[in-house]
Each structure stands twice: as structure tokens, then as C-alpha cells.
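A single chain, nothing else alongside it, follows as C-alpha cells in the form predicted alone.
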């Protein structure tokens, strides 16, 4: 039976100054004071935005909240093909299809919900839609809400955006 020798790497013993992290605390305070004094001298360069009054300019490729497109008659353009729900990696889209009263349209969504708490804003649903019924070009953020139920966007909410 062979005896195995295991070497354990132990850190070097720290001095008292290193063990209380005094030098690191002073470095951190130096960085904080440098930013504070620079912002006090030149306030126009402060990166803070006064949010409700001033809104950040969104880039052209920003994916905003979802919206459903309407037909000329006001009905949703969606044909309930489930392509967007299938393509969604987060599985946040729920569709319930029904028979359309219009003879030209086979199906329409009776229920179309998007759970914004699960959505990862990847845009796969927009790419998968064959009739261009769902878009993410609103430029809106998902607004903060105080209950989970308010962050499940229904077909009515998606059509009015």
C-alpha cells in the first residue's frame, strides 16, 4: 500500500496592514473622491439622466415591447399558427385559437398572452411570424408594475399599442 503525499497550497502570511485592508480602503476612497470632485467641477458630464423628464434616446435596433398588428377592419392580423409560441425560447407566449367568423380567415387568436416576466426580448417571435402580426418596434420599455398579473399582456393590450 503506497502512501500518497498531498501538497496543500497555503497563502503567505499577511502583515497587519494587509490583513485589515487599510491600503485597499484608502485606494477605494481615492477613486470615489476623484469621481465626486470631477462631477462637482463639470456637472454637464454627469452620466445621470433625470428619467421622467428626460428620456434616453434609443438606438435604431432597440427591441421594445411587443405589439400586435391589425387588419384594415380592426381585427388582429394574427392567424393563430403558433409559430411565434414555438420559436420563443422562454415559452412566454400563450395562444388559444378559435374559428374566425370571417370566411376568408380560417383561425384567429381568441387569447394571445405574453408573460413579460419570462420574455427575454430576443425577437425570435417577430422573425418566426409568417404574416407580420407581431412586432417589437414600439420603443417602449416594460413598465414596472406592482403585481405579476399586470405584466401578462393580453391581446387587448397588445393591439392598443
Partner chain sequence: MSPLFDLAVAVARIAVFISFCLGLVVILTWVERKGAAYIQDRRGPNRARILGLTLGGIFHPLADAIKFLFKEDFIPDGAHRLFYQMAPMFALAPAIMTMAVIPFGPPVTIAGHQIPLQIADLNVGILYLFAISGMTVYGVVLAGWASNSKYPLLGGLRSSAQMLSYEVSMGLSVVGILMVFQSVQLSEIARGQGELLFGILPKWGVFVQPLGFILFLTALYAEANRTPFDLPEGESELVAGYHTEYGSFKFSMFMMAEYIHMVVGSAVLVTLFFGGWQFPYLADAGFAFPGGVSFAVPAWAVLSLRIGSFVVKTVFFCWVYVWVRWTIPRFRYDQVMRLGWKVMLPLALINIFVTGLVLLLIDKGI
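Numbering follows the first chain given and starts at 1. The term rigid core refers to the most C-alpha atoms you can superpose between the two forms while keeping them within 1.5 Å. Every value quoted in this text rests on a predicted model; they were computed, and no experiment measured them.
Below: the form predicted in complex with the partner chain, not depicted.
- Of the residues given (59, 28, 130, 103), 28 alone sits with a heavy atom within 4.5 Å of the partner chain in the predicted complex.
- The partner chain is not shown here, but in the predicted complex it comes within 4.5 Å of a heavy atom of residue 33.
- The partner chain is not shown here, but in the predicted complex it comes within 4.5 Å of a heavy atom of residue 50.
- Although the partner is absent from this view, residue 120 stays clear of the partner chain in the predicted complex, with no non-hydrogen atom inside 4.5 angstroms.
- Using a 4.5 angstroms threshold between heavy atoms, residue 94 stays clear of the partner chain in the predicted complex.
- Stretch-level contact analysis of 111-119, 95-103, 130-138, 51-59 against the partner chain in the predicted complex, using heavy atoms and a 4.5 Å limit, identifies 51-59.
- With the core held fixed between the shown form and the other one, residue 145 has its Cα displaced by under 2 Å.
- Annotation for residue 26: C-alpha shift of 2 angstroms or more between the shown form and the other one, rigid core superposed.
- With the core superposed, residue 96 shows a C-alpha displacement below 2 Å between the shown form and the other one.
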